[in-house]
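Same chain, two forms, each on its own as structure tokens: structure 1, then structure 2.
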Structure 1
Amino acid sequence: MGDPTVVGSKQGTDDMMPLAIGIDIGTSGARAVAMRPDFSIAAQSTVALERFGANGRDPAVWWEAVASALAELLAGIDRAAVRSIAVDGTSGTLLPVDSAGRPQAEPLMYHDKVSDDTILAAVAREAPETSAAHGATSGLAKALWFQRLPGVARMLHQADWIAGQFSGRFDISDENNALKTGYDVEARRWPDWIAATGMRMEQLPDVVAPGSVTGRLTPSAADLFGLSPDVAVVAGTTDGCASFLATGAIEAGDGVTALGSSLTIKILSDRPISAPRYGIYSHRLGDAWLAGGASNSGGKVLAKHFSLARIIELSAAIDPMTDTGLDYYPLGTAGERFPIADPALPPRLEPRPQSEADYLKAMLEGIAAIEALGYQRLAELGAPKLTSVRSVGGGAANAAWTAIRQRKLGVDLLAAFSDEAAAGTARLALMGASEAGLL
């Protein structure tokens, strides 16, 4: 495990084209994609964090994985063609650093909770209801916790710190990563109420739009990777936003459904959508907005009843053009957050038909109905009418489920350009290179 996969060649006319590199640092590893201006992928690589140690919280491990993935990527392309680099990371992961960018404590990861009641009460008291900074896992709660430490100069998100290894800048973030730390993406500034929580505002990073050029490679980074020091370092985004961008969804009304262990839907909107009751807030992507929600239904419910091999076998026997007539709401346990906000909502998986294929079909129908209701709910909250859906995640490969979803959604299901978050970040790197006149 951990052996990188590289796709690409130094040969051919396509490889004379300029390239932008997107890097995704996640919970399991680092991925890198080299993209041409026509959005075609010249090369990609993947390296597992495990190769560099068991502690996935160690920033040194993050950087070693990123450096290895980038080195493997560059081995398959013309380094002289590289014009820009951008990074995405896990949303809500925060790291306190000194003025030179040296970590001052182990980071708090995206899912880590701050247990200090005083901090949580201060955020709850001061933050507007619509802010994404609420909750024990928010970036702001983590920043308030870390500011107690000596030697801290700045609070950086995971992607910010990795980008700093390339640019030497440890004082800057992007609008998407800063959202859960309390940044006001509509006003495009850190709001005054944050200071009222006790936060030292000088420790918060400067914030720019994703795709903005933030600097150039440092001489040491350029030497390390054999790249020109003129390569632009471009502001990245969160892993979730990068995954959306990777699909090629670019128009208002374009939706992306992630069919993984849970069911997550997102839509590109021409206006921000905020609905705390459903856990919905909006990321800013230029002049557009990315809004969405996550259901407790999804693949993990299917996995409680069927093995993957059995799902594949039974799916081949399903007629997706007919309905079972069973009105399932597949949940693993009681409780739903979106598109129905009810912590006590019970699973509905009865009556059970005798046929296992029909049972699976009814569950697939139920999850598809939840997906359709989710997009309907977003429209009720102000999002544009759904015009198309691209699908990512393991469930996207199930042809029977795809046909069932097509009927329930009533819109075209388009092929995703890529399901690699790094490809979405490479699009931002292309944007930055274009704006800087490097393409």
Structure 2
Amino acid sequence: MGDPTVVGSKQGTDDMMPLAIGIDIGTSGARAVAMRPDFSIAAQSTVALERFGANGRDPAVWWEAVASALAELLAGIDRAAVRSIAVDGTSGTLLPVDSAGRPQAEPLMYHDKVSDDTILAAVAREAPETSAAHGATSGLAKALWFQRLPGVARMLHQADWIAGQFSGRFDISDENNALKTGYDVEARRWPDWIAATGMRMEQLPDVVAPGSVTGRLTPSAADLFGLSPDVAVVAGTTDGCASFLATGAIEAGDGVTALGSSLTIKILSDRPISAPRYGIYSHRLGDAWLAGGASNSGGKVLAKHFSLARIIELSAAIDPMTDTGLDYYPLGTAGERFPIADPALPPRLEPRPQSEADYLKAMLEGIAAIEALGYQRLAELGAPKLTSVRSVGGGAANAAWTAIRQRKLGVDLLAAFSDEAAAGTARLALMGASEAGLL
């Protein structure tokens, strides 16, 4: 992916270097990053979804937020320098569209569950033990649910649909988004067992590697943003993979922990590791693999008990070098995906100490223990030895938590090149522009 140490963040229009744009459509908003070929960031922008209404599951709201973030980004750079655009989105969010890309139902978001027993039984029966398509939140379960609707031509992931607004293509996805919909990333095709679940194969999107060019801007998208119709649209990825790429981690054994609303960990591996019994799956990136999983623990649990201001205030009073010994497993509600896959796992947040700072500290310790267990499970299953961890997400800024994690993980915690998923996706946009000879 190039040398992540070549950095230098400069805002403005003072150079004529070509630019690639990465767009991240996430749980709370849309972000855009313009990146130069040396991976330095020329400009970035953020727009909250709520600016366009409270319904974060309305594709029209996603697009308004993306269009607004892109317009803001383009106002600060030379539009003629833009060569390519790629998009990442929440992993496992699916929507059914007609042949013109019009949504045929409200999307099912990444955390939505399909509760139809026939669908879940069909996937459980047909999917190989190692498939990431198992479970009620999988993309495949959602596709099987949606295919009952009339008028559906294709199932698209959130990132595919946004990219389609740029390219006019509503029939294509990337290997990372397709993983949880059952795509076989080792054989690089939709496997035959999917048809046996009852899925209409023609409704699944074509799949290409992240970073491949899928088309050019439509004349209307080019007009809307004042960009050349030669700008390449490049296959993107999931938000989790994009966050990994943004950090600049490139060596086998490099780990990345995302301390956002949830806790996601990934390690760069020379082989895929798949163990749905622990919620572990592997995304493919070229000939390397991002092995890991996502826990339901994380910042959302902290936010249930403390305001952000209180977290910051209390964290300053925490001594990270001692342990409370409370052994919490912080969850918002019962149910965990990784490193323990148990839909009924209860939260463990007792006994409650008198001091509020100790209560927060015990939660931070508990989340750090889940993170350490996650990396340990990956090692047990054959992942390379963990050599370092880079951190992204809101919790990465908490110094007391970082010190607690350092003790529990026992490896160097390194600075991330960027903690914006959009910067990881901009790297894919650069790959595509390079492939198309546009740099």
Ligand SMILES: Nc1ncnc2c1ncn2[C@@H]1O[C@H](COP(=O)(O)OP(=O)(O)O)[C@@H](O)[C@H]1O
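By rigid core we mean the largest C-alpha set that fits within 1.5 Å across both forms. Numbering runs along the sequence of structure 1, starting at 1. Given the structure is predicted, the values throughout are model-derived calculations rather than measurements.
Shown as structure 1 is the form predicted alone, with the alternative form given as structure 2.
When the rigid core is held fixed, the Cα atom of residue 337 travels 2 angstroms or more between the two structures. Remark: with the core as the superposition reference, the CA shift of residue 401 between the two structures reaches 2 Å or more. For residue 102, a C-alpha deviation below 2 angstroms is recorded between the two structures after rigid-core alignment.
On a core-based overlay, residue 388 has a Cα shift of 3.0 Å between the two structures. In the rigid-core superposition between the two structures, residue position residue 325 carries a C-alpha shift of 10.4 Å.
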